[in-house]
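Take a look at this single chain in structure tokens; it is the form predicted alone.
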Amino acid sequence: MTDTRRMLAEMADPLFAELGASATFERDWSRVEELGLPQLLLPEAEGGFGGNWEDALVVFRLAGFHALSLPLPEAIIATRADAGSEEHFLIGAFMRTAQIAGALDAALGLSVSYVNERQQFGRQLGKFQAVQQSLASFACEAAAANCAAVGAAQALDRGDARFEVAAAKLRANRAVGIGATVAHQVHGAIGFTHEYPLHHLTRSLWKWRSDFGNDSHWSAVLGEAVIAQGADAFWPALVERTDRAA
């Protein structure tokens, strides 16, 4: 992580943790503005941070991790594209991918802590093999969503990102299904209560899955790209994109 991203994380993490899902625009938006976070992607000459998409990834991920209820990610992408434009839809999909990655990590952490504290039949829930297997699958899904978000951010910074964002949003959407299901299975009914933090995370995850393109939309985008390239050209083209990212 670069010094800039470490600084962003050190600023945003404690504030988002404090505000979380209970933040309101009227009461708390000024605290976000004081840090200059809505201007993250604006050039320094215009009063912004001069950040790039990998910097934005740090803020978007933390907003998802803490279930931040303020429209900060939306305000950040609004400085780059007009609402309703194709570019806005694309970077909106990246924004939701990053938020999903953060929220899945938080839900996974809650789930692991819960099964290590809760006992059933005289044993910790986390000692049961079936629970361990489910959480291992969940961890793989969360890791995949995070890797997809990083790849999409790097592609956006290179300037040609439609393929990577499509793949990342679709991969993150798929991870939501498994992650949210496992989290609620290991928590039981308490996971649905409004007072418990998992409720805020998974409610957002299900919403973000449909925002800026659902599974069907991004599957069609990827399918059309593959068909346009042809079967023989698909793999070389995929390798070329990967080499460009290295």
Partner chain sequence: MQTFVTEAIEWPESAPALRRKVRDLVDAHGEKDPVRRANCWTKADPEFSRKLGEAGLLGMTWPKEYGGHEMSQLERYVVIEELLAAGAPVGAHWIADRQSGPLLLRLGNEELKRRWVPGMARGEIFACIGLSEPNSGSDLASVRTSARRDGDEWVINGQKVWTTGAHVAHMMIALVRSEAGSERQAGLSQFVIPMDAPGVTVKPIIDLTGAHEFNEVFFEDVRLPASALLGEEGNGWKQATAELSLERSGPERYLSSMVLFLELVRYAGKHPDPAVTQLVGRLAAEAWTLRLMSASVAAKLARREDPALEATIVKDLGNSYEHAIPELVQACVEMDMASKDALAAVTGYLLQVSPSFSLRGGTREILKGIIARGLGLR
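All values reported here derive from a predicted model rather than from experimental measurement. Positions refer to the first chain, counted from 1.
We do not show the form predicted together with the partner chain, though everything after this point is about it.
Asker: Is it the case that Q133, G230 and F234 all touch the partner chain in the predicted complex, with a non-hydrogen atom of each within 4.5 angstroms?
Answerer: Yes, because Q133, G230 and F234 each have a heavy atom that approaches the partner chain to within 4.5 Å in the predicted complex.
Asker: Which single stretch, out of 28-36, 190-198, 216-224, 41-49, brings residue heavy atoms within 4.5 Å of the partner chain in the predicted complex?
Answerer: Within 4.5 Å of the partner lies stretch 216-224.
Asker: Which one of S137, T79, Q119, S85 is close to the partner chain in the predicted complex, taking close to mean a heavy atom within 4.5 Å?
Answerer: Contact check passes for S137.
Asker: Just checking whether V115 would be counted as a contact of the partner chain in the predicted complex - the rule being heavy atoms within 4.5 angstroms.
Answerer: Yes, V115 is a contact residue.
Asker: Decide whether A21 counts as a contact residue for the partner chain in the predicted complex under a heavy atom distance cut-off of 4.5 Å.
Answerer: Flag for A21 set to no.
Asker: Heavy atom to heavy atom, is G92 within 4.5 Å of the partner chain in the predicted complex?
Answerer: No - in the predicted complex, heavy atoms of G92 and the partner chain never come within 4.5 Å of each other.
Asker: Is A152 close enough to touch the partner chain in the predicted complex, meaning at least one heavy atom pair within 4.5 Å?
Answerer: The answer is yes: A152 has a heavy atom within 4.5 Å of the partner chain.
Asker: Are there residues in 175-197 with a heavy atom within 4.5 Å of the partner chain in the predicted complex, and which are they, in order?
Answerer: The stretch 175-197, when checked against the partner chain in the predicted complex, contributes no residue at the 4.5 Å heavy-atom cut-off.
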